[in-house]
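Next up: a single chain in structure tokens, the form predicted on its own.
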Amino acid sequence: MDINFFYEKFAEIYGDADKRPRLFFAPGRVNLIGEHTDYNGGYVFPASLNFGTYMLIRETDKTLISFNSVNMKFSADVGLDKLKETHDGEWIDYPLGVIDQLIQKGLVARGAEILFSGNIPNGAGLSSSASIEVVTALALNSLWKGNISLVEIAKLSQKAENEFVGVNCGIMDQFAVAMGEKDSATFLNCDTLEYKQVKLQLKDHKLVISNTNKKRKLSDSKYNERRSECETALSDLQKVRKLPNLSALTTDEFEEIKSLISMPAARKRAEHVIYENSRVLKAVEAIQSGEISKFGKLMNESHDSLRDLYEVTGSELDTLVEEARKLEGLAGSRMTGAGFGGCTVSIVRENMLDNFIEQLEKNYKAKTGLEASFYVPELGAVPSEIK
């Protein structure tokens, strides 16, 4: 990120002034294991990334907030009396949703000039939306003197996406972005929000993110449909068991009563969720004890379940995973994020990394005609004001 260019762009759009804008950052995230469990009250294991969303902001005495982005063409000046209005799915609905939540908490909106710049690929499943939500909340909490904790920032950012944007997402993305810690992943119980930061002991391995470059938009995908199917499964099981969510069941308990789920698709979704929770618990133990191969095996099992039971992978993600598994040096590979396109995450021996990326890029293009993109991130970036 070229910070000087960012400041220059801000001055080009808004003009120079005596008051220098303040700079804030929130990371993206990659989920190592625990997919589609968050909105089912389950376990997840994400890590924040060293790339994300930057936000320059300067307060003004105007009765509007101006939104611009280095990455997006759309821009808008929104009057302080119009902050509750959506903009037909444009990117500014994400920060506007956060502003709406802050106002509901009693903060008083004031005029501001805002410029965003992000280096998270849009639609890649690396939480570009959660990143823009959290950086907005972080900045305005500071400027508007909200005294809101990072956990609360994560929660209100999720509500913004649910209620304002219209994506019925769980808490994982916003929590992982808000609570990032260096060289660690966040082991989170999405039901209670109990969490623990776990040091990532990858030894002689590196994390590789592979982007299918098949774009997706969650609100247009089958994401909400999958959530509805899980609710159907839960409703059937609640006829015989008192359950707050699907994740309250162990795998053995599920096997005893799964036949009560009348819809076959709903039964498959529930099976994925309950076994995925078990995989997360085993994976956290494996990474803490440095068992990289065991962690990788659980990643593979997770992807296969997302493909066969949850049915959210698709040919591009499956091709990336299948081709990765043929290559030397791989410990494990799986889709990450909601699916329907986006990225995979793999753990690869460091001395095999260059060959792995070169071969996977070539093989993926031969099978799909698409050019994959690859990232080898540092993990555990922290949201902050940059001074």
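The numbering used is simple: start at 1 and walk along the sequence shown. These numbers were taken from a predicted model, which means no experiment stands behind them.
Not pictured, yet referred to below: the form predicted together with a small molecule.
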In the predicted bound form, the residue from 314, 170, 111, 121 with a non-hydrogen atom within 4.5 Å of the small molecule is 170
144, 164, 254, 223: which sits within 4.5 Å of the small molecule in the predicted bound form by any heavy atom?
223
What stretch, of 355-363, 63-71, 30-38, 324-332, brings heavy atoms to within 4.5 Å of the small molecule in the predicted bound form?
30-38
In the predicted bound form, does residue 337 come within 4.5 Å of the small molecule, counting heavy atoms only?
yes
